[in-house]
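First, one chain by itself in structure tokens, the form predicted alone.
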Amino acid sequence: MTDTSHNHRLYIETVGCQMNMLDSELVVAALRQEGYELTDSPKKADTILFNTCSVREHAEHKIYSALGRLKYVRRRRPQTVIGVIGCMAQKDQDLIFRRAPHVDLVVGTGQLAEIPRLIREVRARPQRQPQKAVSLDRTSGSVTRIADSFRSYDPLRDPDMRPTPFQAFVRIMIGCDKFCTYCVVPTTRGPEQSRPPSQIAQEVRLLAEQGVREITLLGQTVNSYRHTENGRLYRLSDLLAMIHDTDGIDRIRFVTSYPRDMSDDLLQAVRDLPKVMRYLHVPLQHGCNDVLKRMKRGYTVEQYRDMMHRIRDLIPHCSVSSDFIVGFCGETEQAHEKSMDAVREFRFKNSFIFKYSARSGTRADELFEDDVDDRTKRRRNVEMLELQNQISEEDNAEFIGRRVQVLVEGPSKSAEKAARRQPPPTGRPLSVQLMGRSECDRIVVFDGNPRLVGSTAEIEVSDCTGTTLIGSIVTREVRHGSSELLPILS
């Protein structure tokens, strides 16, 4: 039996970075204005959207597998609309329709505001004519014309789509002009464009009024932010100072930074502004200059080392995390060992380590042979991950006996798993294992009352793992007027 009614239930699945998470929040907020409500299952929805990533091959395979499972959904629910949005939509466009003919709409990163209209048009046409809205290719016009086709989309916010109700992302720029040879982002996100600082400050104030206490400023290379407003040039350091004293905002973070744009004025702002967290994510990507040159990263290991020395001199207790690619085109064992040496030298708080996968449309795919076999890539990935975990555990051990300030985010992952296996008894639990992050972005777990979620607490560290500090509450700041256990959205 088929169901021809339109139930206004929306399922959205997000793959990829924080920018994608923010895009999903904005799309959901726009659709809520048209009467949609979120559901956690595609089986309950008649509007199904996949917000996609093209940085890794695995992310694309995941989306095509999910689309394959929906191949016959319209037999049961003819009103169902299936859409692919985001980076993969911008990159692959018509390929998606060919591989998954049951997809109704393909919407790129610059056209997300059009999604409500496109969904209405799909449903209004008896023949279910597919809809496509994408930005211009980087080579198909002037820089201004191309940039105009990639519009930042920040009109609405939806608290249910945030990491937690008191944490929010704020996009301060879109696009990228670095053109690393392995990366699709300049194609999928368009030219680098910074938002006006007054617009950002207004958005931060609005979020604070909604109860947000921690904001994370987002950009593909966030420390490249530059915008001239009313005759004044604003850099990221100026923007941080501008929003620092916003009432209600207690913590400010920013990701991801580009090594060559790590200026002293920004480091001084991190040091001098109390609400700015002492944490920087600055991907090195590789420890061999020859590989960095093939990647077109625009700096050398020596220049990265100089940046690390400036960070440690100006902000002694700042933690730094990195990204690495193993198995890039032409990577030898000697080159891999240089990356391992870099991990040993710089002692990152943590590193996100990826096996190289060729991406169509990138210069690396055009210029270089993907000549490192998958078995070697896996081995090098494991070796680097084991080394990084060892360093992380050694450095975490230095915190034992010390006290750290955390913003309590919610139940720890182990507490959530335990609750799913065996739901708690009726009534409010007096204590659960909670988690939060320190000012230098270390994960901290401790036992405490769920009412602490969304507040700050001082934790004395008694033990650690490679990823987590373990401790107990010394002092805490309780939010008045609220006793609800706030949900964590993964």
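Note that this is a predicted model, so its numbers are computed, not measured. Note that residue numbering follows the sequence shown and begins at 1.
We do not show the form predicted in complex with a small molecule, though everything after this point is about it.
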item	value
Partner proximity in the predicted complex: Gln220 to the small molecule, non-hydrogen atom cutoff 4.5 Å	yes
Residue contact check: Val55 to the small molecule in the predicted complex, 4.5 Å heavy atom	yes
4.5 Å heavy atom contact, Gln285 to the small molecule in the predicted complex	yes
The small molecule contact at Arg297 in the predicted complex, heavy atom, 4.5 Å	yes
Heavy atom contact within 4.5 Å of the small molecule in the predicted complex, the stretch among 122 to 130, 182 to 190, 201 to 209, 165 to 173	182 to 190
Answer option from Tyr356, Phe368, Tyr234, Phe346, heavy atom within 4.5 Å of the small molecule in the predicted complex	Tyr356
Residue among Asp148, Glu114, Glu409, Asp323 with a heavy atom within 4.5 Å of the small molecule in the predicted complex	Asp323
